[in-house]
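First comes one chain, alone, set out as structure tokens in the form predicted alone.
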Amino acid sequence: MLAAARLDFSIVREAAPALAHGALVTAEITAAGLAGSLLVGIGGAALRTSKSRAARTAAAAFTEFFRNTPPLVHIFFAYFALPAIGINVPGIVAATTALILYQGAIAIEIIRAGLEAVPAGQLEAADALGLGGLDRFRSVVVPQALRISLPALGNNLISLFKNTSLVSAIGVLDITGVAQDVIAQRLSSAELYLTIGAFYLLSVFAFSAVLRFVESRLARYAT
């Protein structure tokens, strides 16, 4: 029984090149997801705080729909349902786009709260300098809102990183997808799941450390 319970990590060593490539795919999806979700978040938050009722309603509907439905459903829809209406995209594109929309919807509410927390004095100072609405938003409001929202945005980034594991459900070979392929071939799962679990855990610790450093650096500019 003890012999049967022993773990054989030679499986992991043999699969190391494929796992490394899968980790790179995970990193690429995370980077694209971060950039895309920030763009969605800033644009959606601008609409959520605009003077146009139609814009606020549209942004609110988008936010409520995507953040209140599972990301896996969006991934399946983008990959399996869109081809039915003639939209065919590679699995990695479909999955990344779905994650961008889901995490972007969450980012909208985070950044909206940050926009509303920018001190009124900063807006008055921008007006006194003669900045137009767009310049004020881009140069004064957004940088401060992002600094205020950074802790919550950091949590959203970590959530995005962990949710990349869902892309394996449609055959994308991220690190989880590679591990599942190896498990199917070798019929041994514990070693692979322990390995990718350690990968996600250490990566989240690294993300958290970087975010804490950035927060401490930006804290000196707090008003």
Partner chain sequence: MNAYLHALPALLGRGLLATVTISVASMLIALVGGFGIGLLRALRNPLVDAAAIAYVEILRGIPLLVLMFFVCFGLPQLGIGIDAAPAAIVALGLWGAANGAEIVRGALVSIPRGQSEAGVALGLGRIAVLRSIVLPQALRRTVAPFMSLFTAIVESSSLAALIGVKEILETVRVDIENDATLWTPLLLTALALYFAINFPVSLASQRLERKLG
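Residue numbers count along the first chain shown, from 1. Everything numeric here is computed off the predicted structure, so don't read it as measured data.
Keep in mind that the form predicted in complex with the partner chain is not shown, yet the notes after this line are about it.
- Remark: A35 does not count among the residues lining the partner chain in the predicted bound form, judged by a heavy atom distance of 4.5 Å or less.
- Within 4.5 Å of some heavy atom of the partner chain in the predicted bound form lies at least one heavy atom of T69.
- The partner chain in the predicted bound form comes within 4.5 Å of no heavy atom belonging to A54.
- Though the partner is left out of this view, A81 does reach within 4.5 Å of the partner chain in the predicted bound form, counting heavy atoms only.
- Here the marked residues G43, L153 and F213 all miss the partner chain in the predicted bound form; none has a heavy atom within 4.5 angstroms.
- Checked against the partner chain in the predicted bound form, the residues L39, L194, A31, A184 give one hit for a heavy atom within 4.5 Å, which is L194.
- Taking the partner chain as it sits in the predicted bound form, the stretch 85-110 comes within 4.5 angstroms of it through a non-hydrogen atom at just one residue, Y102.
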